[in-house]
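In structure tokens, the next block holds one chain alone, the form predicted alone.
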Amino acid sequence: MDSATLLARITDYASRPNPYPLYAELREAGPVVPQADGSYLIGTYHHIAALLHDPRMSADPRTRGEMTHKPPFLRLDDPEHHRLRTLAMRPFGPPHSPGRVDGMRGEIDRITEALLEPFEAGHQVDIVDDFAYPLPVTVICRLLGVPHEDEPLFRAWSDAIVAAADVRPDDESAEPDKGGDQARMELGGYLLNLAEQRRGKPGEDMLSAFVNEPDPALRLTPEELAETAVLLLIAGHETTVNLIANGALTFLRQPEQLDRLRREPELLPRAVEELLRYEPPVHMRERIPHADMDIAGTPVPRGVPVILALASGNRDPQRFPDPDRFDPARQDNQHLGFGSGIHACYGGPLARLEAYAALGALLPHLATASLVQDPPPYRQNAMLRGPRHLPVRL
């Protein structure tokens, strides 16, 4: 088929259960594949990794003349990206809060146990709705200081923002973008209001830390605080839901590997890294060249979208031997599951901790479980790919 239609075919909902043959076609078509909508698609590991580290590639949609308001730091370039990411990191991780994520370990275990309590033999459960979604949502709410009972409210906003952020051919973008902007504004206002309630009355949460920062030079403006809090709330659960659900699905499809992990639980951290390679929660990232570039012999003009298919790079046989095999003991597994370069995933350490706890506790339940539907129904989103439901009979 025509390689110029690859992006349209990959993002088509019919491909959601298994986009990997299309990624193989993409890698065969060449390192850089021009698309019918004017974008360029890249699917080989070494080219993706190099471009994620290339300062000529911009993450900022304003490079294309899109978006008038300032995006969150995930979509900014240095030096502004570095400034905001550093300020956002102060209450979350080293060097200022080195114990924050590790200190959540006991809490994550308790939440996991409580969610698994109703999982009894003979019952049918939905791994997404009953476990993979509520776990990271509860954790990020505790971390940020968001009332858990407001979850239905922010879930609707979160869904709209995530839909707008999806990668799709250019001609399909207008409607979701409008809904996403509105939702981002409303969720930002809600989180800013929560933060203001903590001013002068701080709790142990991150919104309290942001709003009560004593040093004016380290303080986020209200707009920056709103954008950062929105990003942390959404990124803090959306990708982890996929990681846990994709993990459970992979284990159920490969009972011999499930048995091996039950016999050798010390392999679990390595198995999570392999899941991040084999079934990553984020499949694509968009970048925009600041200047005309030559990428692997293909001229790419400034200002046009370059789509980096991370999930294709993760299955590139030039980088990973036997890439279509799930191997929980895989060595030298420098995957692109959390991106790479200056925009590497800020919450990676927390997502790993949640995945170890969730999948480790789920293993005994999965040993005698069976899939009710395979493939399960998937989320609409092509970039954040994962099951929308994962019905399992225990």
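Note that residue numbering follows the sequence shown and begins at 1. Only a predicted model underlies this, so the values are computations on that prediction, with no experimental measurement involved.
Keep in mind that the form predicted in complex with protoporphyrin IX containing FE (HEM) is not shown, yet the notes after this line are about it.
Contact with protoporphyrin IX containing FE (HEM) in the predicted complex, judged by any heavy atom within 4.5 Å, is made by just one of 90, 287, 184, 277: 287.
Just one of 345, 361, 33, 353 comes within 4.5 Å of protoporphyrin IX containing FE (HEM) in the predicted complex, counting any heavy atom, and that one is 345. In the predicted complex, protoporphyrin IX containing FE (HEM) sits within 4.5 Å of a heavy atom of residue 73.
Not displayed here, protoporphyrin IX containing FE (HEM) is kept clear of residue 315 by more than 4.5 Å at the level of heavy atoms in the predicted complex. Mapping the unseen interface onto this chain, residue 339 counts among the residues with a heavy atom inside 4.5 Å of protoporphyrin IX containing FE (HEM) in the predicted complex.
In the predicted complex, at least one heavy atom of residue 239 sits within 4.5 Å of a heavy atom of protoporphyrin IX containing FE (HEM).
Look at 207 to 215, 81 to 89, 294 to 302, 258 to 266: in the predicted complex, residues with non-hydrogen atoms within 4.5 angstroms of protoporphyrin IX containing FE (HEM) sit in 81 to 89.
For the three residues 140, 231 and 243, a heavy atom within 4.5 Å of protoporphyrin IX containing FE (HEM) turns up in the predicted complex in every case. Shown without its partner, the chain has 310 as the single residue in segment 290 to 323 with a non-hydrogen atom within 4.5 angstroms of protoporphyrin IX containing FE (HEM) in the predicted complex.
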